[in-house]
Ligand SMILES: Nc1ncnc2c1ncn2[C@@H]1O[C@H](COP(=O)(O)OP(=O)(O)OP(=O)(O)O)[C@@H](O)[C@H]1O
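We begin with a single chain expressed as structure tokens, specifically the form predicted on its own.
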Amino acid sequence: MAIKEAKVVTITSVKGGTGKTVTTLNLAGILENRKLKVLIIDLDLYAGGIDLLLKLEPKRDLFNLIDDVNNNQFESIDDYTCKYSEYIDVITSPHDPRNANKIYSKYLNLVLGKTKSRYDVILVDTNHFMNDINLVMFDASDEIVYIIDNDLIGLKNMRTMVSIYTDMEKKNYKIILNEAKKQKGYFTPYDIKHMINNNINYTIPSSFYIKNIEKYFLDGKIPTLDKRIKSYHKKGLANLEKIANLLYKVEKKESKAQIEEQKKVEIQNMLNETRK
């Protein structure tokens, strides 16, 4: 039987400050609600802070993983993942920024190869630079998700990326307009569609603006896992659910957690039969 591999989704942007990392974490929360096993890889090598937002204290990071693979010292991926919850694990960006330059793109596929069989979805949070690290990750991704906002420079940059993808005949990318920011919107969705020369695939509505979102992260909480958020932000959550369907349609596949639970039941049944 073939081993089912995780779907790899890179979440990126064309400028800073679009809400990319918060969206990554919120999507991870949506996927956890579906009992899907999620790995978050923080590939924002110089400014990543997912461990800080989730109040994690990892002993090893992405640099240690790649360095050990390179030196044949790798034993288990568990040595490099930090557990946030039963369903969410994290591989953090380098704690020492000097190590960011030592992470070479050629090892990214090796990292994915050692993690794909263990998760349902791998979410890669990256920065907005067009460097070799990101380009290799884009090529290795099943889907590339761009988070944009109502910003003239960002929209100009997104139009450029759309043009590049069109020239490359690459279609596995989606564009999400994040309106859930404290930002005055000068352009309507209709304006943006024509400015970027592409459809907006999904929108995070302005009603999903969370005034005290910093408090959730100070407590190490993912907003979409919070009962209060679920109660007061149903429209925004419904839109995030649609985006999550792109990442993994649970009704069409068994999740890793479901498969593992089924194996446990089968083993227990075998033990019961042996005891008889």
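Keep in mind that what you see is a predicted model, and the values were worked out from it rather than measured. Residue indices: 1-based, along the sequence shown.
The same protein also has a form predicted in complex with the named molecule, omitted here; what follows describes it.
For Tyr232, no non-hydrogen atom is located within 4.5 Å of the named molecule in the predicted bound form, even though that partner is not displayed.
Interface residue remark: Ala180 is counted as part of the site for the named molecule in the predicted bound form, having a heavy atom within 4.5 Å.
The named molecule is not drawn, but in the predicted bound form it has no heavy atom within 4.5 Å of Asp61. Contact check for Thr10: no non-hydrogen atom falls within 4.5 Å of the named molecule in the predicted bound form. Just one of Leu52, Ile213, Ala238, Val69 comes within 4.5 Å of the named molecule in the predicted bound form, counting any heavy atom, and that one is Ile213. Stretch-level contact check against the named molecule in the predicted bound form with heavy atoms at 4.5 Å: of 80-88, 202-210, 185-193, 95-103, the positive one is 202-210. Contacts between 8-33 and the named molecule, taken as any heavy atom within 4.5 Å in the predicted bound form, involve Gly16, Gly17, Thr18, Gly19, Lys20, Thr21, Val22.
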